[in-house]
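Here you get one chain, nothing else, as structure tokens; it is the form predicted on its own.
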Amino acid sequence: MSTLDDLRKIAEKIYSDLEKGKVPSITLASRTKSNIVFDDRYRVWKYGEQKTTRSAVSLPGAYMLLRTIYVMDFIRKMIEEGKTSTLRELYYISEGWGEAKFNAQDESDKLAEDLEIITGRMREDFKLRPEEDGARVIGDIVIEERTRKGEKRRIHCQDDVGDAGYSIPYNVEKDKLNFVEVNADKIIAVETGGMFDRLVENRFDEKSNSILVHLKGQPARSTRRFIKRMNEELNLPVIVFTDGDPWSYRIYASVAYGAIKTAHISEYLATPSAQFLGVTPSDILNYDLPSDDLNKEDVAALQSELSDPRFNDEFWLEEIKLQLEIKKKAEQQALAKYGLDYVTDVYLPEKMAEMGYEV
């Protein structure tokens, strides 16, 4: 069944309700933390059986269904015409939809996600793309990418790129991008641009025989999909190197287990075998790192993570409780206290040795 067929089923359901004199409605998985369950098949966290209904019984609900029809028709036109749109463009295009226009982009973004949940499709299938740039990659891997003209070109992500590396496109599926050759034996996903640049400058991709991927903070879906594909197709282990704060732990969790916002497509984005190497509360003490005091938001986030199923194991519970006890957080670049080369000469080799990797 095609993407258009899946969207047509939604429209037919709304039409059928109206034809029968019923209040039209659509049903989808409840997008709440309480509805996150572990999927044994894919080893990721996904939405469970709890459902929510969007109905025209209220005026806001009626507007939502009207916008749903307009968005689906917009997607239909893009698919038939071979075009794409950014999420931002979708929001502005709705200005011409009269009563169906969105009041804010957050509304149109969430509706696109609702359609993903209902259809089981990804927004790339809807020809919708994000605004953010792709993450950067440096490492001994050859990628074959289809150009705008439909031609295939090969890029070696060390020899054919500058210090900025190879930029991951928004669409990383096999019809656009493939891995031709790889000589690296692991992937290191790095949270911050400053630390990514430090590892590149120190040639840590060569020293550790790794593919370095800049996550750019909370990683884009294309970045997570790219990492997952390398992990599965090339059999490369994934190590996630982040700051030592609750928000960075969630960055790791989104790579390994999926984010709550995208739990409906976790099996396409998450890499359950990914390992955490980030700065831990124990590291703050053991390496005597410069640190900052936790603020109220940090404390609340850590307390929330104690009940987050993605952190429900001995390692995370001990580290989170320790952080609440010492009331400190630290950045990756705090390691510069010991010099610019310390992170690649001492810290990462030591931490990776503990995980069973030789550098």
Partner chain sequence: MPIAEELAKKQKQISVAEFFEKNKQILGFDSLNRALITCVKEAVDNALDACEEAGVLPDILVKIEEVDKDEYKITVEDNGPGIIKSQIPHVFGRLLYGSRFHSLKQSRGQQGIGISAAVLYSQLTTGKAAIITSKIGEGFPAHKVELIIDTKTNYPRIIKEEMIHWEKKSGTRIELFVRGKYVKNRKQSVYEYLRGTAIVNPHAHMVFIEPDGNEIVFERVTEEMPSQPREIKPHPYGIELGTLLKMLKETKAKKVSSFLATEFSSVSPSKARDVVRRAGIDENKRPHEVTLEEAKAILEAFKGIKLMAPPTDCLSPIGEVLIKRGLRKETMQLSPEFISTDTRQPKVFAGTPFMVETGIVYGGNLPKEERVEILRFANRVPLLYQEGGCVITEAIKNMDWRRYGLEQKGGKGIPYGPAIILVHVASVNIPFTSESKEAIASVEEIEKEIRLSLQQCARRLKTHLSKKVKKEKAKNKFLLISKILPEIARKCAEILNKPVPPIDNVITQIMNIVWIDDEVVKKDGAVESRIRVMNYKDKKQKFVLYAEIPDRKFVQAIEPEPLEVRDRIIKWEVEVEPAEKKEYVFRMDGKEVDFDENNLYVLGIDPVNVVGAEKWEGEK
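Numbering follows the first chain given and starts at 1. Here the rigid core means the biggest group of C-alpha atoms that line up within 1.5 Å when the two forms are laid on top of each other. Here the structure is a predicted model, which is why all the values come from computation and not from measurement.
Form predicted in complex with the partner chain: not shown, discussed below.
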{"query": "In the predicted bound form, the residue from L66, L324, I26, A301 that sits within 4.5 Å of the partner chain by heavy atoms", "finding": "L66"}
{"query": "Proximity of I14 to the partner chain in the predicted bound form, heavy atoms at 4.5 Å", "finding": "yes"}
{"query": "The partner chain contact in the predicted bound form: W316, any heavy atom under 4.5 Å", "finding": "no"}
{"query": "N312, heavy atom within 4.5 angstroms of the partner chain in the predicted bound form", "finding": "no"}
{"query": "is_contact(Y70, the partner chain) in the predicted bound form, heavy atom dist at most 4.5 Å", "finding": "yes"}
{"query": "One stretch from 110-118, 226-234, 242-250, 72-80 that, in the predicted bound form, holds residues within 4.5 Å of the partner chain by heavy atom", "finding": "72-80"}
{"query": "Sequence-ordered list of residues in 41-61 near the partner chain in the predicted bound form, where near means a heavy atom within 4.5 Å", "finding": "A56, V57, S58, L59"}
{"query": "Flag for Y63, CA shift 2 Å or larger between the shown form and the other one after aligning core", "finding": "yes"}
{"query": "S25 C-alpha relocation of at least 2 Å between the shown form and the other one, rigid core basis", "finding": "yes"}
{"query": "After fitting the core, D288 CA displacement of 2 Å or more between the shown form and the other one", "finding": "no"}
